[in-house]
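Just the one chain here, laid out as structure tokens, in the form predicted alone.
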Amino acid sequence: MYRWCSLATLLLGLVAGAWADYPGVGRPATQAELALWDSDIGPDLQRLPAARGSVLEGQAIYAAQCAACHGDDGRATEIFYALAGGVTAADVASGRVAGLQGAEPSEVSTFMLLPSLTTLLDYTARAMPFGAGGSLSTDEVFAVTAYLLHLAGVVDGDFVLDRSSAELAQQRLPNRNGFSTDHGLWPGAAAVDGGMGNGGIPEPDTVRCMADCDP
């Protein structure tokens, strides 16, 4: 352990020395270079790219590149987490997955836990298909996402995902109303007022229980 720490200290020293000896090395990143990395899109959907993809197009891509791991219906669990399943038409209408209320659900899937459409778009773009993350074009990402929305019962088979229809899809996510910032880390109603937390008040003086703790 000591040898590794010593080596790390030596390397840091060399880097610091090189920076001091060669202050002209490097340059600020250009706007074009920054744009390649600046792909974050918030749940307000305001920065969605000008892309489109239909359920039918997504079905073909899914069959070729996704079904081997996720199953034809998106419910396979042998390799990865199930994508679809565990939600009902009533969940889509209410925005709260009834299967997550109370007892442990018999089935859990990505769409039961999805807070926003951009979460799915971003992960698909960055990490899928497995082993070749980032290989799908933006249109292909939109198409696969459209097909996944269809598998989850969120949209019909003739749905086309683009900038104009993204809001509709997001407003039908099965558990869109199942997330809250109403706890001690964020502003929100206190538990005594029917909320989940303490009104966002930090608890820096909480004493950790080490013995005979409450269940």
Ligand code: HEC
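Just so we're on the same page, rigid core means the largest C-alpha set that superposes within 1.5 Å between forms. Note that the structure is predicted; figures quoted are calculated from it, not measured. The numbering used is simple: start at 1 and walk along the sequence shown.
Another form exists, predicted together with ligand HEC; not displayed. Remarks below refer to it.
- Exactly one of the stretches 171 to 179, 22 to 30, 64 to 72, 35 to 43 approaches ligand HEC in the model of the complex with heavy atoms within 4.5 Å, and it is 64 to 72.
- Annotation: in the model of the complex, residues Ile79, Thr124 and Leu136 each come within 4.5 Å of ligand HEC through at least one heavy atom.
- Proximity of Thr110 to ligand HEC in the model of the complex falls within the 4.5 Å heavy atom cutoff.
- Looking at Val154, you'd find every heavy atom of it more than 4.5 angstroms from ligand HEC in the model of the complex.
- Though the partner is left out of this view, Met128 does reach within 4.5 Å of ligand HEC in the model of the complex, counting heavy atoms only.
- Contact annotation for Leu148: at least one heavy atom lies within 4.5 Å of ligand HEC in the model of the complex.
- Shown in the overlay between this form and the one not shown, fitted on the rigid core, is a CA shift at Pro105 of 2 Å or greater.
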